[in-house]
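Before any questions on how it binds or moves, here is one chain, the form predicted alone, in structure tokens.
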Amino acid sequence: MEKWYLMTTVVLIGLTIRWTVSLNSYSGAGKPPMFGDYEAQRHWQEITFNLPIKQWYFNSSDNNLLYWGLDYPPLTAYHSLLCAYVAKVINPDWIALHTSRGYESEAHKLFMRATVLIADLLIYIPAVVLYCCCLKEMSTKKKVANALCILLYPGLILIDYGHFQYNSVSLGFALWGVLGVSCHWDLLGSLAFCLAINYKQMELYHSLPFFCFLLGKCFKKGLKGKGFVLLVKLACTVVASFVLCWLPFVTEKEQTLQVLRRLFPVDRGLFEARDKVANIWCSLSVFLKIKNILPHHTQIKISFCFTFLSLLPACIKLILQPSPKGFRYTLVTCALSFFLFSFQVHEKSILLVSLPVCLVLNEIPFMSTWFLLVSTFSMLPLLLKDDLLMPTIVTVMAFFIACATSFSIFEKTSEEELQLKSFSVSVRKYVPCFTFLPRVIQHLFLMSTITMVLLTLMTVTLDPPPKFPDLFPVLVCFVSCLKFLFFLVYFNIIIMWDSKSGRNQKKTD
């Protein structure tokens, strides 16, 4: 009883902070002609409500794809249609074809914010609560504290309730998928993850760990017996899920191809020049104009090779030694590899890495907290563009205080608590004096924090040189990229040197 009382309090705190952030500005507020992501979501409601389903992804006089054309999978379109039906009842002007373009009002803002909160409350928050309740070898108060820290993660709050998106829907489905396959509800977990992919195609960042973990389970059961039966059931679940979601778009070949072209715009190259993303390609472009030097097809091949090679070791190990712990850490490394090396990455895509990092917060609180702070910092240019400086400062401080007090993160920096014991022992066979790793990591954290604070202050208070108007956003992205590369190495070390991934699980097996 006490657990549910405390958990309810935590959820209410999370909802209060979310709604408070939603009172602030949003993407593109009062900035015609394109506005921002807020207008994109409203426009999709307009399009899905007023046009036949076969016209949703096609360019026409009623659907100018250059003006926030629909470029997410069918489940997002269905969600937009559902919201549009509600909007029609409240105020038809909000979704009137053509005339509603750029519509802004306090009443409409309240409606749009409410749709995010309801989706969050129905999908993401219950998954977080259940995940934390399923953690083993933890006291009730620790489970509640873990839930509080996850729900206070500032990156997701600021993007969904400040900037304006529905990331909590796809991330929530993905978390339900993690719960399912970790608790031996493999078919339900697969179904949930299929819904995540069909809501946002970026959930493909998590697809290889799901595939490898489930394939490893099938191998473990034996492909001539129960493993083969499970494999067939999983395949049927995935196919059925996709067929149901895509049914209106697979009746004609051109329909299917057009949707795929909208979802995967490979013709745009590695990245958009206007975006300041903390990945390898955007960071390298400061010194080397890759998009101008290499042919388009070569850029895509290089991106694929780097992405594939960086995630391959962890995926192979997960197939050979499937375990919930290995699955969670492989989710982190694969998503981070995609973020750093794949094409057409946006700032908000770091949330796909942050979700699995939240899931290991109770296992490596120091490193997880550090990563989640960096992930929020990496989106600073976008958040400042949306006038979200004060909400950013407040939510980051609240999150940091919650993590520091709940997990005593500064006391958990030993080799064991950083999960680097096996790695350090291996290195000490060749370098006996290798005992300084925890101290190095503590110093790196201190330097990282100072750098983030200084860059934030400089961005807010100083004017950039006229010759380099993007100096501060570029510095933020470059510094964040270096840190993400460090985290990629760190999480891969944990995976590759973990010989007991099937034992001592804090998560239900």
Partner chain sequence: MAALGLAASGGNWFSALALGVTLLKCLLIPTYHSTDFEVHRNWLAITHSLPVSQWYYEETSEWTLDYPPFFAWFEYALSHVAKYFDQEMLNIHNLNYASSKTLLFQRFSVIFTDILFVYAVHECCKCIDGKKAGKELTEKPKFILSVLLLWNFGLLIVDHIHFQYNGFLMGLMLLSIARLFQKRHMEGALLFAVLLHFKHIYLYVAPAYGIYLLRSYCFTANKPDGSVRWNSFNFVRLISLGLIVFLVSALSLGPFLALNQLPQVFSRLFPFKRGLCHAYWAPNFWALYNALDKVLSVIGLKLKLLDPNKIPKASMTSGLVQQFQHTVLPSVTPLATLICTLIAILPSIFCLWFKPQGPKGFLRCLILCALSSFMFGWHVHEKAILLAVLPMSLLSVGKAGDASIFLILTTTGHYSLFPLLFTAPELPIKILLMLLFTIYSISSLKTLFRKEKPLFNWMETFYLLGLGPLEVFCEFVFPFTSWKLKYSFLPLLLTSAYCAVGITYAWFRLYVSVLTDPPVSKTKKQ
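Small disclaimer: the values here were computed from a predicted structure and weren't measured. Residue numbers count along the first chain shown, from 1.
Omitted here: the form predicted together with its partner chain. The next part is about that form.
Enquirer: Name the single residue among 264, 304, 185, 410 that comes within 4.5 Å of its partner chain in the predicted bound form, judging by heavy atoms.
Expert: Of 264, 304, 185, 410, the residue with a heavy atom within 4.5 Å of its partner chain in the predicted bound form is 410.
Enquirer: If you check 177, 155, 391, 209 against its partner chain in the predicted bound form, which one has a heavy atom within 4.5 Å?
Expert: Only one listed residue qualifies here, and that residue is 391.
Enquirer: Taking 296, 308 and 474 as a possible spot, do all three reach its partner chain in the predicted bound form with a heavy atom inside 4.5 Å?
Expert: No, the whole trio is out of contact, none within 4.5 Å by any heavy atom.
Enquirer: Which one of these stretches, 478 to 486, 58 to 66, 22 to 30, 462 to 470, sits within 4.5 Å of its partner chain in the predicted bound form when only heavy atoms are counted?
Expert: Residues of 22 to 30 come within 4.5 Å of the partner.
Enquirer: Although the partner isn't part of this model, could you tell me whether residue 246 comes within 4.5 Å of its partner chain in the predicted bound form, counting any heavy atom of the residue?
Expert: Although its partner chain is absent here, residue 246 would stay clear of it in the predicted bound form, with no heavy atoms inside 4.5 Å.
Enquirer: Using a 4.5 angstroms cut-off on non-hydrogen atoms, would residue 17 count as touching its partner chain in the predicted bound form?
Expert: Residue-level check for residue 17: yes, a contact with its partner chain.
Enquirer: At 4.5 Å between heavy atoms, is residue 72 in contact with its partner chain in the predicted bound form?
Expert: Flag for residue 72 set to no.
Enquirer: Is residue 13 part of the interface with its partner chain in the predicted bound form - any heavy atom within 4.5 Å?
Expert: Result yes; residue 13 sits at the interface with its partner chain in the predicted bound form.
Enquirer: Using a 4.5 Å cut-off on heavy atoms, what residues in 396 to 421 are near its partner chain in the predicted bound form?
Expert: Counting only heavy atoms within 4.5 Å of its partner chain in the predicted bound form, the contacting residues of 396 to 421 are 397, 398, 400, 401, 404, 405, 410, 411.
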